[in-house]
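Consider the single chain below, provided in structure tokens and representing the form predicted on its own.
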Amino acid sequence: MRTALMNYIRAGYSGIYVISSEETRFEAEAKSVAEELGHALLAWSATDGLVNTADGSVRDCRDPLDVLQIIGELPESSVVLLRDFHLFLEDPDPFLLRLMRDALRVGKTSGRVLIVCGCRLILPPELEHDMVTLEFSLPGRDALGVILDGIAESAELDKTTGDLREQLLDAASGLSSVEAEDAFALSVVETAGLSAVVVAREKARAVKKNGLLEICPTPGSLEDIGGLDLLKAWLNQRHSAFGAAAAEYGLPSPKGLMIIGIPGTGKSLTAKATAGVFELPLLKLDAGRLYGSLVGQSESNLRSAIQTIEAISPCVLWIDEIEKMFSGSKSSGSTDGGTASRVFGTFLSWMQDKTAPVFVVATANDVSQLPPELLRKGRFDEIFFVDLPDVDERSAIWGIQVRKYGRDPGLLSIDSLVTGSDGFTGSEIEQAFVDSLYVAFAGSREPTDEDVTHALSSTVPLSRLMADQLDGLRRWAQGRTRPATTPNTSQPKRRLQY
């Protein structure tokens, strides 16, 4: 960021729009750049007016129109930082826009630079070609280390080193400088020391504030999944792909994985278990909150989410039911002004060009809603299709579910339950056993084979309700995806009930 800002000022750019919620940290960076280039830095706000950061002198021009009118009176080689000015550009007065364009034109010939710093991008079409846009990234490990040392010194603690320091920096990655400082300070208050657990907890709360991302605290395990042997083997083969040894070997970081299948077949569970295999934090992107009502808000939300994801990396990003996220990207833009297409394009570009070690796990139920550009090679490393569980998988699922609820599978006739649950998904098998637990609890006894069999017979599985869709999904997956389970050639293909 520092190099880019310096180059733009040297090249004579008169308008720079910086997207950042860290006003104080960016102002310090801008002041350092201005001093190195021999420029004066003046900071404007609607509350303080125009302040010369070198001597603290103030010029009373709190109205945004006033500060734009005096740009031509400022010394040459001046950098003017406009705080919160993006709010005046959201629904701009035509007179303000004209003054802004005039100030940028004057600045172009006199070495005066206007920098707008805002937490989101609000740039009217009239100014799009007059200003360059930069994103001020969240603090890296070096900057977080400085903050950590400052907190340790103020709390009169020994400087953290070794594994504890790395754990603290990992826990703070993805936080702003203010959030990191607060989290470190809170850990001192709560534990009389520095605790990575406290910092990670506060990061989970901070990331969840905007509703776009959520840090899942307890990644799952492949042991919780019945079957899917090919998919499990594929993940286990890559469990060390984010380590230093892989980088030294010249192995590129894996990009991601898409899992397609009907609901309840273990796609989401596999996404959670992927983070456990890689031993990385798991972030979930809420696609429903990505789209906003304001112009440009959706694109800004995605950029903000990507910035946080890359700051936390290496990590696993889980996007559940990704077809809902981009279902409108195939439209002409007549219904949403092309927002879905622009968001989709930004996401595709990031998937293709990202260098940060972020492994994306996307799940989908309805492939007809998926844009073809998302499925081509290069976006994801592999696409797996999860079918209904076969005999061996259902046997494993029954054992997992019975033990999950504290019962002994040996007390039930698992073979008969496997036969009776033909055509059931893993979720439906679990729900059938839960229903039998309710019946047994009401009778003050343990569940029996009869209770579970009755629950199965009372359930209409999705394989019957969605027979047409599942049959079409299987035909589509043939030759386009890899099976998640080794095909059982000795078992006849299950006939769907229509």
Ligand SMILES: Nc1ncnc2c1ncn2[C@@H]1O[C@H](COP(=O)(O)OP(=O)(O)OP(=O)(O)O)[C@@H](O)[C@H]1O
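Since the model is a prediction, treat every value here as computed from it, not as a measurement. Just count from 1 along the sequence shown to find any residue number.
There is also a form predicted in complex with this ligand; it is not shown, and the following applies to it.
- In the model of the complex, this ligand sits within 4.5 Å of a heavy atom of Asp224.
- Among residues of the shown chain, Ala152 is not one whose heavy atoms approach this ligand to within 4.5 Å in the model of the complex.
- For the chain shown alone, Leu269 is a contact residue for this ligand in the model of the complex, at least one non-hydrogen atom being within 4.5 angstroms.
- Using a 4.5 angstroms limit between non-hydrogen atoms, Glu430 touches this ligand in the model of the complex.
- Distance criterion of 4.5 Å from any heavy atom to this ligand in the model of the complex singles out Gly264 from the list Gly174, Pro281, Gly264, Pro254.
- The single contact residue among Val207, Val418, Leu231, Ile397, judged by any heavy atom lying within 4.5 Å of this ligand in the model of the complex, is Ile397.
- Just one listed stretch, out of 397 to 405, 367 to 375, 94 to 102, 107 to 115, contacts this ligand in the model of the complex at the 4.5 Å heavy atom level, and that stretch is 397 to 405.
- Taking this ligand as it sits in the model of the complex, the stretch 301 to 319 never comes within 4.5 angstroms of it through any non-hydrogen atom.
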